[in-house]
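Let's start with one chain on its own, the form predicted on its own, as structure tokens.
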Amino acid sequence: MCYTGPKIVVSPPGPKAMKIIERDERILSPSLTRSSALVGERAEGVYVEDIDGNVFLDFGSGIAVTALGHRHPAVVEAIKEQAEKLIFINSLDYYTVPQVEYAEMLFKVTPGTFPKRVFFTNSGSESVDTAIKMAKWHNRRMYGIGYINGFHGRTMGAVSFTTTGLTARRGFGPLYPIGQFAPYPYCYRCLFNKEYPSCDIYCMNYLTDIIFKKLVAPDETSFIILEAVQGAGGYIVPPKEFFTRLSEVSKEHNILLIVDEVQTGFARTGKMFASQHFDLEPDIMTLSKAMAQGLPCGAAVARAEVMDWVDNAHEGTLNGGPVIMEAAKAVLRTMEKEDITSRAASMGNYLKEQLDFLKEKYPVIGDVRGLGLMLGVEFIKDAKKTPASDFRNALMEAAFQKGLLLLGAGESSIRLAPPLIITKEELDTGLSILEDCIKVLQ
């Protein structure tokens, strides 16, 4: 396969795709969202080909999963080599070399030089559930604090701290009755109608003056969990001072700080982890997505003294299998060899500059924000910042018809998270399609 750009040979979804979609809709869970009518059959680099032969430029990476592009040869080779030797042996009862080797590699690139331990999982949601259980075991405190507009997954523990919208929570109550929620610093839409930086991070006052004085005592609070950059909520980047003050508060009250890096991790933001933009050294980090390039892999990495639970307190049969660990090792080796973090930073700067130009030309673009190749574009109807959800949805469909894959986020934003190997020319191709669609739809 050698793709040179998007190519639409039949209006998607084509006849072959429609047959699969019709079968899918009869037998798979109706809870699956499906952003576009894509039936992917093969992929390479930054391109995905559907079952009808249409080729799409991927600006979503499967929600920031295929950071090294589709089918990176180093990862494919690592999977093949390990599959020839040992596919599975459960890590509840036995030991494997790849787990130990990958853990040691991971500790070198995660924030903090202190001793660490890791528990491997199969997904971001599992990583979050693991972190919650670990925190409660360690300090034997009852409550946890999450953030409004945050997304942490859909298992019962994770969804109890997911607040991007009611659809993830409706009908599943009672959820874990331990959570209180503070406002995340979404400066473009401040809940308190303040302006940054003159606000002096006013939203922190809600945590210290409302939650800690009227709802939950600090000495009964086990953990604070939040995303380093909110993902599904709209790619919201907080001011650095917010994390500085949050770290101070958590340390003052011996509350564990859980930072969710499931979507932001592994070079996506121009640093290996988004926490490093804010000089954060979390007590627990949750990881997944780009960790093994699409194989089911996640982790909770913690300060060694925090992961002090005992034999049989928490386990999982399929966690950290040898093939998955070898894929994850290949990801880290490749990111270092190809200097992927620097590439994400430079390409991200270029993409943001171009999006800022579009923002000046088209009033429907209300905000452009992000770090590295994790950029959000928010669409509005008017000067009052009324969310333009219908426009965003129409834009995604129009782009799909022209061969560009986009993903939504928040109420009226798209999230741009292309593979980190993308070139400037490929970014320009996607930007051209994006602008053409905006012109037609505005």
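No experiment lies behind these values; they were computed from the predicted model shown. All residue numbers refer to positions in the sequence shown, first residue = 1.
Below: the form predicted together with a small molecule, not depicted.
Contact check for H152: a heavy atom falls within 4.5 Å of the small molecule in the model of the complex.
The small molecule is not drawn, but in the model of the complex it has a heavy atom within 4.5 Å of G124. The closest non-hydrogen atom of V262 lies within 4.5 Å of the small molecule in the model of the complex. At a distance threshold of 4.5 angstroms between non-hydrogen atoms, E326 is out of contact with the small molecule in the model of the complex. Heavy atoms within 4.5 Å of the small molecule in the model of the complex map, among the stretches 254-262, 90-98, 188-196, 314-322, onto 254-262 alone.
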